[in-house]
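Okay, so here's just one chain, in structure tokens, the form predicted on its own.
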Amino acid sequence: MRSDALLNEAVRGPSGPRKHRMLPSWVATTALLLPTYAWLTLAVLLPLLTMFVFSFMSATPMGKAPITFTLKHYRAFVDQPYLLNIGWTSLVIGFWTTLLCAIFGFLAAVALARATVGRMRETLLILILLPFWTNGLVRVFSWTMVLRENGFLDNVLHMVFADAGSISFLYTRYAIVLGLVHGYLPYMILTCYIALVTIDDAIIEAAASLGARWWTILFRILIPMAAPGLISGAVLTFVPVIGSFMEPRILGGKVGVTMGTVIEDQFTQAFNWPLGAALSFTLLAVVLAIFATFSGVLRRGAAA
């Protein structure tokens, strides 16, 4: 009987609960990251690499002209000096848009973080996110109904002052900045709000109990401690604004010529894809320089 039991155990294997072999942690990490990085490679890196190759071509690859590789498109700012003015206009629009977003966004974030609680805070946060639920083109065109001559703004003014002239400023740089501020303000509010809610209330209460005025609390406590969120919001606003083309084209009209519209024209009107690609990568270099400038602050903000 003993020999039969040993034989059966040898055939079935050892009795008792089976032990599952644990996979190495790097295998699980790789399995989780692989789909995301595969998608990023397919949807982001490959198109960027293709455009980078296009930027060195002498002509659009879909045409019949012979193609050679050249660096002349990267001399566009030297060979065509008017691009410097357009680039400067894009930077000025980006600066004012970012500044206005920083002022209004930070104050709105302070009100959300310090003066609201519970359902009121949740409702206001949903209202801030509401513009993301509508099409960007619809949002920009809606501003033309407000800012045009005899539009909503003029009608409201004439209800109060019947003989007043038009205050329409559609097709100006002010209209472009207004449309861009409307589009990118939520990013600034959210990044500042996340930074402000991490500040301990005891710090502000201690400052107030020691006689600090509200402006002292604002400039000496809230702004320095929320600086990572403020700078992150500024980068998230400034970077896409200098390359935007929809708001400048619709709200700016003839004065809305920016780097974004020039690049779009190279692809859709002039069919000079190599020049458009070279201008895009020049703009990308500016973006990377901005990220490099603020990388230290962003790392401190992420570690906080």
Partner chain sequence: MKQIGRIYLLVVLFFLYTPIVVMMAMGFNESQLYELPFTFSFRWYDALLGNKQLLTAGMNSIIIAVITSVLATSLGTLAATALARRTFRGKSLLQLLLLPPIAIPWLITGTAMLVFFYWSGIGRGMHALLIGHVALAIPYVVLVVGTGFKTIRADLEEAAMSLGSTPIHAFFSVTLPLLYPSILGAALFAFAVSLDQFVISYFLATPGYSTLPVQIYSAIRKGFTPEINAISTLLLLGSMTVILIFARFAKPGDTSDKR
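Since we're looking at a predicted model, the values are computed, not measured. Residue numbers count along the first chain shown, from 1. In this text, the rigid core denotes the largest set of C-alpha atoms whose superposition between the two forms falls within 1.5 Å.
Form predicted together with the partner chain: not shown, discussed below.
- No residue of the trio 84, 252 and 290 has any heavy atom within 4.5 Å of the partner chain in the model of the complex.
- With the partner chain omitted here, the record of contacts in the model of the complex names 109-117 of 109-117, 203-211, 70-78, 222-230, defined by a heavy atom within 4.5 Å.
- Note on the partner interface in the model of the complex: the residue among 172, 142, 168, 216 having a heavy atom within 4.5 angstroms of the partner chain is 142.
- The closest non-hydrogen atom of residue 58 lies beyond 4.5 Å of the partner chain in the model of the complex.
- Within 4.5 Å of any heavy atom of the partner chain in the model of the complex lies no heavy atom of residue 66.
- Residue contact with the partner chain in the model of the complex: residue 158 places no heavy atom within 4.5 Å of it.
- Heavy atoms of residue 133 reach within 4.5 Å of the partner chain in the model of the complex, making it an interface residue.
- Taking the partner chain as positioned in the model of the complex, the residues of 27-45 that bring a heavy atom within 4.5 Å of it are, in sequence order, 28, 29, 32, 33, 35, 36, 37, 39, 40, 42, 43, 44, 45.
- Once the cores line up, the CA of residue 29 ends up 2 angstroms or more apart between the shown form and the other one.
- Once the rigid core is used as the reference frame, the Cα position of residue 41 differs between the shown form and the other one by 2 Å or more.
- Relative to the shown form, the CA atoms of residue 133 and residue 234 are brought 3 Å or more closer together in the model of the complex.
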